[in-house]
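Next comes just one chain, in C-alpha cells: the form predicted on its own.
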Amino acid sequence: MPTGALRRIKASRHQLLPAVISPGAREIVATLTAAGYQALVVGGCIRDTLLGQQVKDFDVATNATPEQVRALFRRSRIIGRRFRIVHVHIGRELVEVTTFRAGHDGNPDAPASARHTERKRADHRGILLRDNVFGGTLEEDAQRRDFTINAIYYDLASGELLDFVGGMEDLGQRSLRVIGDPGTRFREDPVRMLRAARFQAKLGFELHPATAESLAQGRALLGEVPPARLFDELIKLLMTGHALAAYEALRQHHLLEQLLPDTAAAVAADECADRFLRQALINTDTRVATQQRVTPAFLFAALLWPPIAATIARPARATETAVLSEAAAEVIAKAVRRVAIPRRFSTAAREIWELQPRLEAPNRGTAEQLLEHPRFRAAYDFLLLREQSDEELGGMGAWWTRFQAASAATREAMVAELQATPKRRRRRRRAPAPAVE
C-alpha cells in the first residue's frame, strides 16, 4: 500500500468496539469533539488491541493545540520540550494527548491560531532538537509518527480505523517499518533505533529490510543522544517484561556497543558472562510477570558486572576487595558517559558488588552483621544469580539461605563449621578468547 493512500476499515471487523477504549480516553475524545476539535485514539493502544494484547495506556491525537487542550481539562498539564504533549487525568487514568504535527515546513493553509512559529528544529546533523510544528492535517500527523504499526487511528464517531501508511498490512506481516525514509528518520531522532529494538522484543516482529539496513548504517548516531535519554530508553527496554528479548535485539543490531561498550565487549568475549546476563534478564522478566519489584540498581549491577568480573579475574595487584572497588569505579565512570545512571542507582550497585566477597567468605564476626546491612537482600539475590549462571561459589548461596532461617545457636554452629573446614573457592573457568585470524 503506498504511503499517503488512506485506507478506511470498519473497526468492528477486528472486534474493536468503543467499549474496548478506556473510559478516560472516550471522555477526552467526546470533550474535544464537543468543543469543535477533531480527536481520535491512536498509537500503541490500537496496535496492541488489534494484536490481542493487554493495553495499559491510551493515547489521543487532536488538532487542538496543547494550550487549547489544557484549557478544556482542569486536571491536565503540558510536558516535554522536544515534543510538547498534554497529560490529562480522568479519575485515576492518565491519558496522553498529542497535537497533530505538520511536516517540516508546517501547514501554510492552517489557521494562524493553529500554526506554531518554531522553525529551528534540527541541528547540522539532521537531529531534531524540537518537533512542535503544529497545525498539520491528520495525514501529515500520520507521516510524522515513527513506525507504521503505531500510526493507525480509531475514529470513535465513524467506527473506522484510518490507515495512511500501510500499518494494517505491516501488522499482518509482523513487520516493523519506519514511516518515510528510515535513514532520515533515524537521523532526526536516533532513539528510534532503540524503540525499534523495544518493539521487536515486545511484539516478536522482524525489522523491515530497509529499516534494518538504515539502522545498521546509523547506529553510531546514538553517541549524539544525551545520556539521560539513553538511560530512560534502556529502562523501558529492560524493565517492562521483555528484557531478554530486548537484550537479544540489542546484540543482534549491535546497539549494546553504543550503550554499554564495556558490557558488550565482555559478553562477546566470554560465554559465561553472556550466560550470567541472560539469567539476570530472565529473572527480571519473571519478576515483572509476577508483579514483583524490579529496581534499576539491581539491573545495572547485573549489566555492569561482566566487565568488572573480567577485571577481577586477572592476577590481583592487591586484595580482591581493593581490586573489585577499583574496577567498579572505572566501569561506572565509563558507563555514565554513555548512559546517565543516577548516582543513587550506581551507588547501590557498588554496594551490591562490594558485599560479594564478604558473602563468599563470612566469619564469626561479620555473618550476623551482614544480615542487617541495607543491601544484604539485594547482594544475596545477586550471589544466587551468579550461582544460577553456573559460577562456582562453593555452595555459599545455599549456605546463606539456611543461615537466614536458622536459630541463633544453629547460626553459630554453621559459622564455626565453615571456619573449621575452609573451602577454597573455585572460580569459574573463563571461556578462551576467540582466535585472531
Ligand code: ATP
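Note that the coordinates shown come from a computational prediction; the quantities given were computed from them, not determined experimentally. All residue numbers refer to positions in the sequence shown, first residue = 1.
Just so it is clear, the following notes concern the form predicted in complex with the ligand, a form of the same protein that is not shown.
Of the candidates His253, Arg338, Arg177, Arg198, Arg198 is the one whose heavy atoms come within 4.5 Å of the ligand in the model of the complex; the others do not. Residue Arg144 is the only one of Arg350, Arg84, His208, Arg144 with a heavy atom lying within 4.5 Å of the ligand in the model of the complex. With the partner left out here, the ligand still marks one of 259-267, 288-296, 184-192, 342-350 in the model of the complex; by a 4.5 Å heavy atom cut-off that stretch is 184-192.
Residue contact check for Asn150: one or more of its heavy atoms lie within 4.5 Å of the ligand in the model of the complex. Of the heavy atoms in Arg402, none are within 4.5 Å of the ligand in the model of the complex. In the model of the complex, Asp48 approaches the ligand with a heavy atom inside 4.5 Å. Although the partner is absent here, Pro66 is not a contact residue: none of its heavy atoms lies within 4.5 angstroms of the ligand in the model of the complex. Residues are counted as partner-facing when one of their heavy atoms sits within 4.5 Å of the ligand in the model of the complex; in 52-81 these are Lys56, Asp57, Asp59, in sequence order.
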